[in-house]
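In structure tokens, the next block holds one chain alone, the form predicted on its own.
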């Protein structure tokens, strides 16, 4: 078994009611939990990432000083040890094998920019376990899911994006992100296309 599942940023600040909540975030958390209950055994690794930013710090310019532009600068979100940074309560993380924190003082979008709780880089983790194939789910399709999937491809992995288990900020940018991923070599499937 050489497949991993990446669960990208299914956090309170990215689901409904959060600082940067996306529509459908809670539903995606629930659907990922259902997928895990049925298919956790299909994966060598289940890696869940969280944005994990410093309080009282601009995090390398990631937090806006004034009005955010929603491209490079953002409202305060996913501050370490706050409710907003925790996983959405609809996501059951019991099957997660590795938790990854990204950001930690600098802008970070891809899961590959984080480290596990043991300090290991994600690329090294995949190599150590011989992972060749990666399924990607989570939030947001047009930002961190996109960046994580592109990085997985760049690291030589075969990538599937489970399109029914992602939620994006906007429909047009999410569609563009999925088209870009498909062009880069990702396979776009649903969780039932197994």
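The model shown is predicted, which means the values in this text are computed figures rather than measured ones. Positions refer to the first chain, counted from 1.
The form predicted together with ligand VGL is left out here; the points below concern that form.
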For this session: Given that the partner is absent here, state which listed stretch (39 to 47, 134 to 142, 154 to 162, 25 to 33) has heavy atoms within 4.5 Å of ligand VGL in the model of the complex.
Result: 134 to 142
Problem set entry | Contact label in the model of the complex: residue 13 to ligand VGL, heavy atom within 4.5 Å | no
Problem set entry | 4.5 angstroms heavy atom contact with ligand VGL in the model of the complex for residue 181 | no
Exercise. Can any non-hydrogen atom of residue 177 be found within 4.5 angstroms of ligand VGL in the model of the complex?
Worked result: no
Exercise. Quick one: does residue 109 come within 4.5 Å of ligand VGL in the model of the complex, counting heavy atoms only?
Worked result: yes
Seminar exercise, completed: Looking in the model of the complex, the residues of 53 to 81 with a heavy atom no more than 4.5 Å from ligand VGL, listed in order, are 62, 74, 77
